[in-house]
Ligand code: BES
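Before any questions on binding or motion, here is one chain by itself as C-alpha cells, the form predicted on its own.
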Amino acid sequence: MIIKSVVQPLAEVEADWLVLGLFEGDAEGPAVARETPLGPVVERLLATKDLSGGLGDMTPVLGMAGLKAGAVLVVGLGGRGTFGPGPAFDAGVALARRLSGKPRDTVAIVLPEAAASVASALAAGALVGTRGPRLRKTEASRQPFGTLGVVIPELSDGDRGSIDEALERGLIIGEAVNLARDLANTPPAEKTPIALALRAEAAARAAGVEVTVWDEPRIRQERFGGLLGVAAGSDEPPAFVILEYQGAGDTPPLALVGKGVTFDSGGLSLKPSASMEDMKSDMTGAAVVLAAIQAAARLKLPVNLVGYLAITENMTGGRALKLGDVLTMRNGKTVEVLNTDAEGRLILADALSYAAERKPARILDFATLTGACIVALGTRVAGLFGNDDAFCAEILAACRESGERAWRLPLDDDYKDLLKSTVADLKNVGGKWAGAITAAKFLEQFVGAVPWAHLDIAGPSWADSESSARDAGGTGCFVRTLIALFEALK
C-alpha cells in the first residue's frame, strides 16, 4: 500500500472515499470542511445528533455534489483535549476496517491536525486495519488500499517534509505490528520452534539486523536448563535466537527478551481444552521483540539493541517435566518445578541470565506470562514490574506516547518468601496469591544488578472478540510503545 501526503483543497481531492475526522463536542464540524459543500451537511447532521464525534463512530455521507471524492466517511476522534497518537492510531484502524472490505484504489484521510506524531499514528493504524486475522480464509476479507493519501489542506514545504517522514515511519510501524500479529495468528503446526526461529531470522536479516540461531546442541552447551526442561516433552527441538542492531556506536545496548512458547498445552499440568484455544499466541513476547527491533533497523534509529528469543513448545510427551523435578538454570540457580504450566518463567530465566552476563545498559522482557495479571488488570492493560524506578518511568512514558496501557505493580522483597523451596534454591510457583507478582519476582532472580523491567502482556496480547479499532486474535501490542521508547533513548 502506498502512503503519501496530499496538499490540496478538500473539494479538489480525488478519491474513492474521503475520510473526515470529527472531534466530539465540536458544534460546527472541522474548519477545513466549512467552506465546501460538505460543511452544511456536517452541521446539519451534528444538529440532528446523527454525528457525535465519539472515538470510533463512523457515518458515511453518500452522493455529495461539489466534491471530487466519490463518498465521504466521517470518523469520530473523541475529545479534542485527549486526542493524540493513541486515538489517531485507533481511528486509523477503525476507518480501514470499515473501508477495506472491498478493493479501493484511493482512500484519502484529512489529517485532523498538522502534527507529525498524529500523521504517523494515523498511517500505522490504517495499515493495521487493512490486515485482518484471517490468514487461512479461502477468500480475503480485507483488501489493502492502492493508495492512502493523507490530506493537508495548507502546509509549508518544510512542514510537508516532516509529515512525509512521519508517514514513512507510520508505514514501517504498521508493518511491524502486522508482523507480530501474523506470527501470533499463525497455526501452531506451521509454527514449530525451528520454523519460528527461521521466520525471525528472515525478517531480521531483511531489515539489516544481525542474527544468530542456536540449535538444541548449542542450547545444551550453553547450560540453558530451563529451556531444555520445558522442551523435553515435545518432539520439536527448541531454538534460541539472538538479534543485534547497532545504530549508536559502542555504547551498551538495551537488551530485549521475549517469551516464545509456540504452543502451550500446560505440560503435565494440562490446561483445560478451552484454555488452549489461543495458546498458539504464547510466543507473542518473542514476536514483539522481533518486530520492534527490525522496525528500529528500518527506521535507522540511533540506538543499540540486542534481542533474545527463547523458543519452544510446552507439551506432554513421555520425556516431559514432572512435578517435583529440579532444573539447573544458566546462572547456576536450581528450581523445583511444581507446575509445568508455569513454563514461561523457566525459559526466560535462562535468557535473562545470558543477557545479564553480557552487561547491557538495561533489560526489558516481554511475556504472556500469567493469567493472574489478567485477573488483576483485565485484557487491555499490561502489568509492569522492575527493579529500577527511572527505567519503569521511561516505559510508562512511552506507553502514554503510543496510547498503549501498562500499570506498575509492586515487587517488594517479601514476595520472594513465597518462592522458597525445601529442595532447591527456588520453586517455580508461589502459591494461591499474587501470581503475577511472584512470577515477576522469580524473573528478578536472574538479572543480577542490571536495571530490568518486565511487562506481563498476557491480557493485551490477544483479543477474544473484535471491536471498532481491534480485530479478534493477536494484537501486536507494545510494538508501538517500544518504538517510542527507542526514540526517547536517542
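All values derive from a computational prediction rather than experimental measurement. Residue numbers here begin at 1 and follow the sequence given.
There is another form of this protein, the form predicted in complex with the ligand, and it is not shown here; the text below is about that form.
A.B. asks: Among Asp282, Asn339 and Leu369, does every residue place a heavy atom within 4.5 Å of the ligand in the predicted complex?
C.D. replies: Contact check passed for all of Asp282, Asn339 and Leu369.
A.B. asks: Among 295 to 303, 191 to 199, 259 to 267, 398 to 406, which stretch has residues whose heavy atoms lie within 4.5 Å of the ligand in the predicted complex?
C.D. replies: Of the stretches listed, the one contacting the partner is 259 to 267.
A.B. asks: Taking the ligand as it sits in the predicted complex, is Lys271 near enough to touch it, meaning that at least one heavy atom pair lies within 4.5 angstroms?
C.D. replies: Although the ligand is absent here, Lys271 would touch it in the predicted complex, with heavy atoms inside 4.5 Å.
A.B. asks: Please determine whether Ala207 contacts the ligand in the predicted complex, using a 4.5 Å cut-off between heavy atoms.
C.D. replies: Because no heavy atom of Ala207 falls inside 4.5 Å of the ligand in the predicted complex, the answer is no.
A.B. asks: Mark Ala458 yes when one of its heavy atoms lies within 4.5 Å of a heavy atom of the ligand in the predicted complex, and no otherwise.
C.D. replies: Answer yes; at least one heavy atom of Ala458 falls within 4.5 Å of the ligand in the predicted complex.
A.B. asks: Within a 4.5 Å heavy atom cut-off, is Leu426 in contact with the ligand in the predicted complex?
C.D. replies: Residue-level check for Leu426: no, no contact with the ligand.
A.B. asks: Glu313, Glu343, Asp350, Asp365: which sits within 4.5 Å of the ligand in the predicted complex by any heavy atom?
C.D. replies: Going through each option in turn, the one that passes is Glu343.
A.B. asks: Counting non-hydrogen atoms within 4.5 angstroms of the ligand in the predicted complex, say which of Ala116, Ile152, Val211, Ile374 makes the cut.
C.D. replies: Selected residue: Ile374.
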